[in-house]
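In structure tokens, the next block holds one chain alone, the form predicted on its own.
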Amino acid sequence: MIRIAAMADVHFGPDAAGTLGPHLASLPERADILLLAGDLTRIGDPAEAQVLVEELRGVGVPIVTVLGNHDYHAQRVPEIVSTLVAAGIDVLEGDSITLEIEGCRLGIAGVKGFGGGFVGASASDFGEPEMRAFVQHTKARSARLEMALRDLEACDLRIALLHYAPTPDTLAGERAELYPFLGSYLLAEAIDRAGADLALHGHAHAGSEHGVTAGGVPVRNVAQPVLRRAYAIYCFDDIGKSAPVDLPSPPELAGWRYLAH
């Protein structure tokens, strides 16, 4: 059995110090790994990442993350990555990692992703250079995700870790006009072609937790405003044969409150 704790969109800043750590105290008793689906900071300041690192220090399980759009805002991504890596956190962007957990080879492929929309209402790389660049970036990120997942074909369990959404299912609740800026069907196509057991993302604060790709891969939106708890836990009881089971929130998360930014 593998238990995956996941969260996204913590948007940490100096005034968030001390708000998350207490809710992670018992995480090792309930999960084997913690996955973060981006937007770790508010404006991409490395000092904000350091505040989050202090909250995560000593959590007691491996931590793997991708970055989100907020983390890119100040154009200091290398510094943020260095801060996270120095704390023992694995940061993925178009690559993958394999971990041995409970006798299982767990593979995680991570990419920020990008927007573009979904089938029937998506952008195309035609016309102005700016529009072509927008869509080409999504295509490039999706291609990297597919390659990273294929590198994990020998794993018992494969997770696609994103920030942007691969399916409109988990955007339900958001204004339809925002969908093109919240994700892309190209990410789901990459996941379905390469194969995965679960896809996790954030970014859509007013979305929904549960979704599925056209190919049947379960998708979970783990943005904290959606979860309304510090993190969610998804359990695979029968590796390779069943969808993840959503475990109930532990009691100490009941009083958790999302820190608005």
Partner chain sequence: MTDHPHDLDPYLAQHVREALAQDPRIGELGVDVEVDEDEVVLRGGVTSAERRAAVAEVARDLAPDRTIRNETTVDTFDGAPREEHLP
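Positions refer to the first chain, counted from 1. As the structure is a computational prediction, the values presented were derived from the model and not from experiment.
Not on display, but discussed next: the form predicted in complex with the partner chain.
Participant: Quick one: find which of 142-150, 69-77, 83-91, 108-116 has residues within 4.5 Å of the partner chain in the model of the complex by heavy atom distance.
Facilitator: One stretch meets the cut-off, namely 69-77.
Participant: Would the partner chain in the model of the complex be within 4.5 angstroms of a non-hydrogen atom of every residue among Thr98, His137 and Ala190?
Facilitator: Not one of the three qualifies.
Participant: Would you classify Gln224 as touching the partner chain in the model of the complex, given a 4.5 Å non-hydrogen atom cut-off?
Facilitator: Gln224 belongs to the contact set for the partner chain.
Participant: Gly13 versus the partner chain, in the model of the complex: is there a non-hydrogen atom within 4.5 Å?
Facilitator: Answer yes; at least one heavy atom of Gly13 falls within 4.5 Å of the partner chain in the model of the complex.
Participant: Looking in the model of the complex, any heavy atom of Glu54 within 4.5 Å of the partner chain?
Facilitator: The answer is no: Glu54 has no heavy atom within 4.5 Å of the partner chain.
Participant: Would Ala230 show up as a contact with the partner chain in the model of the complex if we use heavy atoms at 4.5 Å?
Facilitator: Looking in the model of the complex, residue contacts with the partner chain include Ala230, since a heavy atom lies within 4.5 Å.
Participant: Just give me the single entry in Cys235, Ala214, Ala47, Val61 that has a non-hydrogen atom within 4.5 angstroms of the partner chain in the model of the complex.
Facilitator: If I apply the 4.5 Å criterion carefully, the residue I get is Cys235.
Participant: Can you tell me which bits of 191-213 touch the partner chain in the model of the complex, meaning any heavy atom within 4.5 Å?
Facilitator: Read in sequence order, the residues that approach the partner chain (within 4.5 Å, in the model of the complex) are Leu198, Glu209, His210.
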